Ligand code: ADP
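To begin, one chain is listed below as structure tokens, in the form predicted on its own.
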Amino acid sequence: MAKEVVLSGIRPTGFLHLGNYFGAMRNYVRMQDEYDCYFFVANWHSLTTHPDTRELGVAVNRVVAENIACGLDPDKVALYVQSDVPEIAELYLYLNMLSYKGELEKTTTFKEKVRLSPDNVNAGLLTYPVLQAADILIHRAVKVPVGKDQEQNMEMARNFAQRFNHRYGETFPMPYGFNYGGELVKILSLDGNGKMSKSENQLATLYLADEDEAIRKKIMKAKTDSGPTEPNAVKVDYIENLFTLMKIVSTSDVVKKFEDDFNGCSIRYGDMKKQLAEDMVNFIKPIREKAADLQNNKELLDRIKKQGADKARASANETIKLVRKAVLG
């Protein structure tokens, strides 16, 4: 029996961080054994907000390398670069004929981008959800790992698929947002202000490319308070985040020691952060080193990207033949 198709993409803007790993990458590694997976680097999408492409090729290779360093197996999944699959652009064109200016202008992400960059309101930004739909539908994917901020775009992808099917005949299955639910780990910024970011608030974000000393410094500067004043107190979010980080990189006995100290009002946050910093170094270091080795082996990376593109294009070509026949006869 054929496996269900899963698709996900990541823009090559900024550096992957711990939140990316526990919010997405770790689950992708699990998915590769359960589904037919297509994971891609969305370099076309990055052009909508980052028109300077001088470092784009380097950024693409870094993302590919970090994906592999986190555990993705290029022999199990199609790991490819968006621009290496031109069939996506053709499907994007057809879907644009089924999308309307009014609905695109109402999307939350579009309005937010306009607010942040009023001088860069380009057509690509407006039709971002259409390209995103093409990314998904080109493989007739049914499961798409997305966060809350992408749910509206997922709904639009279903709308475009339904319109296409209604106008030209049944071609696409309906895609749905998907994750492992309660197993997702939310990682906050070390200063307590929102989530970790690929490009903003860099001193409060732990990147998979961070050197050991940078990791130590960031964790030692993490926001804390004066400690609990009564036993078994409720932790504020930035303290809870430190414990969350410790639970994912430290041994259970270490976690228990500091939980007991907190509940007994005897916790020393300095000691906790020193322990967390060393455990975090031990967690990130092998990922960073493997990713660096891959980035230094351009020939191997090029082979991996071509292998992924060949698999992705085989799938995309099947879909685009159906689409051309449906639309053009």
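Don't overthink the numbering: it's just position in the shown sequence, from 1. The structure presented is a predicted model; accordingly, all values stated were derived computationally and were not measured. Take the two forms, superpose them, and find the largest set of C-alpha atoms that agree within 1.5 Å; that set is the rigid core.
One more form of this protein should be noted, the form predicted in complex with the ligand, which is absent from this view; the next part is about it.
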Decide if the three candidate residues 96, 165 and 322 all line the ligand in the predicted complex, where lining means a heavy atom within 4.5 Å.
-> no
Does the 4.5 Å heavy atom contact test between residue 20 and the ligand in the predicted complex come out positive?
-> yes
Does the ligand come within 4.5 Å of any heavy atom of residue 309 in the predicted complex?
-> no
Contact label in the predicted complex: residue 146 to the ligand, heavy atom within 4.5 Å = yes
At the 4.5 Å heavy atom threshold, is residue 120 in contact with the ligand in the predicted complex?
-> no
So which of 158, 217, 235, 186 gets a non-hydrogen atom within 4.5 Å of the ligand in the predicted complex?
-> 186
Which of 107, 150, 83, 201 has a heavy atom within 4.5 Å of the ligand in the predicted complex?
-> 150
Among 70-78, 224-232, 188-196, 252-260, which stretch has residues with heavy atoms no more than 4.5 Å from the ligand in the predicted complex?
-> 188-196
In the predicted complex, residues of 30-68 near the ligand [heavy atom within 4.5 Å] = none
Is_shifted residue 96 between this form and the one not shown (CA, 2 Å cut-off, rigid core) | no
Is it true that residue 244 shifts between this form and the one not shown by 2 Å or more at the Cα, once the core is aligned?
-> yes
